[in-house]
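The data below hold one chain only, encoded as structure tokens and taken in the form predicted on its own.
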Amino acid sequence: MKTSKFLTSILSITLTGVAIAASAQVSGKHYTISNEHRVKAIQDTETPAQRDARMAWWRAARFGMFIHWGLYSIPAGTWNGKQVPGIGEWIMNRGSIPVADYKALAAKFDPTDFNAHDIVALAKAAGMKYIVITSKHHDGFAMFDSKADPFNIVGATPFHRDPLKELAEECRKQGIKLGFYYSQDQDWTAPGGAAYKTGNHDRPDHHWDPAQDGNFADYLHKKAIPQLKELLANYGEFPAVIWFDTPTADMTPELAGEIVELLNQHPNLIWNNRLGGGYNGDTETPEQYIPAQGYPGRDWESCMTINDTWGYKSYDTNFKSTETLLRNLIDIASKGGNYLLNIGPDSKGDVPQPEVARLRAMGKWLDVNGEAIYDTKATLFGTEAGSLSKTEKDQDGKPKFIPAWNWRSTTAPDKIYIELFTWPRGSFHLDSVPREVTGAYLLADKNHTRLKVTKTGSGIDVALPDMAPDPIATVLVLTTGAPYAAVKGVRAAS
């Protein structure tokens, strides 16, 4: 993911709810998209119906697990006795660690506590429908059995096991989709791999060790493309997703086209907009923020951390509350997006307990209210998310978006779900409803006891109990398809 420099500005956007252009992913970094390619991607040639079929499971899922795990979990944010600023998986870059010294970590990597069954079971308990794990991050270390390059978890560590293979087996058993993150562009240990600039890395290629020098195209042909072929061929029906990251100018349209030719051989594959070379991919990927209005007309996925880092840092204990995480999920679903929420296992393969606890708590809420999240579409309203300020400006000089946190809404063919964060006194009022409301009940009420609905012009009032069933978010269901009375055998209140 991005450096802490980016993260600082990202967090300010998260708090203010600033909407940015469709090509923007993180503050200060925009990915240029072009429709002029020698090699056409599947997105350029498929029909709308084919795209809908290919994206159907992903759109229904709404909630996925990101896993950032690698050698960086050993130093865990500290090098030579000093804490290195920034996110954990960037320690090699931020600490200007020589290639040989970083590669030596592999001999110490023996994550004997790793248990694929438990990881997948945790995702299921959290209500997540898919997993995306770092198969290779920017440090160049492959977390799978790679014959293309020896710097990998099977060949270079005492562990000698392929976590991706074990996860694939468990995902099949437990009914979870599996995807692979792959850093196609940056690689700080392979000669010719790209590097983002941090600190005093002032060379044009931003390298800090002569061992990194080389030709980018050679790196791509000798390591990245062969490893992508392995990932696409060796894990059965997986990966369902390839998650690219941090494209640079080195990834020309011609070089990116070589990767696209490979991706096109897997017609059900979903891949994001971070390949580079101007390719649009399938999904927008806002990082560490939720766009104010989503990305209308585009599939999108907000990727976020539970604390402040992606890769494990022993001293990062700034964990978000369950309330914040759940409300993020609801907010994202209400805007038609997916929530890819990260865990960062430690060097033994254990998931930090504060992350486990929060995920399990989210799962308990979804056990009751998941109907209002999974396989839903965006709100029919929109103003509930907030509004543009008439006086305040954002960093681009445009009206600042001020979020509101009273309620959100998701939509099904015959229902409108209202996720209430602030419990109304007496009744919930809507000025206007674009469908005919035939009944109402609370999703947490197993009996679906009907609530009194009073029509007020084009709007409605729904009488509510004095107390909210859930302190974080209670779901009010408005039935709008077949009359609720016909379903329950009673007359709808009016």
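The shown structure was predicted, so the numbers you read here are calculated from the model rather than taken from an experiment. A residue's number is simply how far along the shown sequence it sits, counting from 1.
What comes next is about the form predicted together with a small molecule, which is not displayed.
- Quick one: is residue 68 in contact with the small molecule in the model of the complex, heavy atoms, 4.5 Å cut-off? Output for residue 68 is yes: heavy atoms within 4.5 Å of the small molecule.
- Query: Using heavy atoms and a 4.5 Å limit, would one call residue 245 a contact residue for the small molecule in the model of the complex?
  - Reply: It does: once the small molecule is placed as it appears in the model of the complex, residue 245 has a heavy atom within 4.5 Å of it.
- Message: Quick check on residue 87: any heavy atom within 4.5 Å of the small molecule in the model of the complex?
- Response: Close contact exists here: in the model of the complex, residue 87 approaches the small molecule to within 4.5 Å, heavy atoms only.
- Message: Is it the case that residue 303, even though its partner is missing from this view, gets within 4.5 Å of the small molecule in the model of the complex, heavy atoms only?
- Response: Yes, residue 303 is a contact residue.
- Interface stretch in the model of the complex with the small molecule - options 206-214, 400-408, 237-245, 123-131, non-hydrogen atom within 4.5 Å: So the stretch in question is 237-245.
- Task: Quick one: from 138, 223, 358, 313, grab the residue that has a heavy atom within 4.5 Å of the small molecule in the model of the complex.
- Result: If I apply the 4.5 Å criterion carefully, the residue I get is 138.
- Task: Could you tell me which one of 185, 419, 284, 287 places a heavy atom within 4.5 Å of the small molecule in the model of the complex?
- Result: Selected residue: 287.
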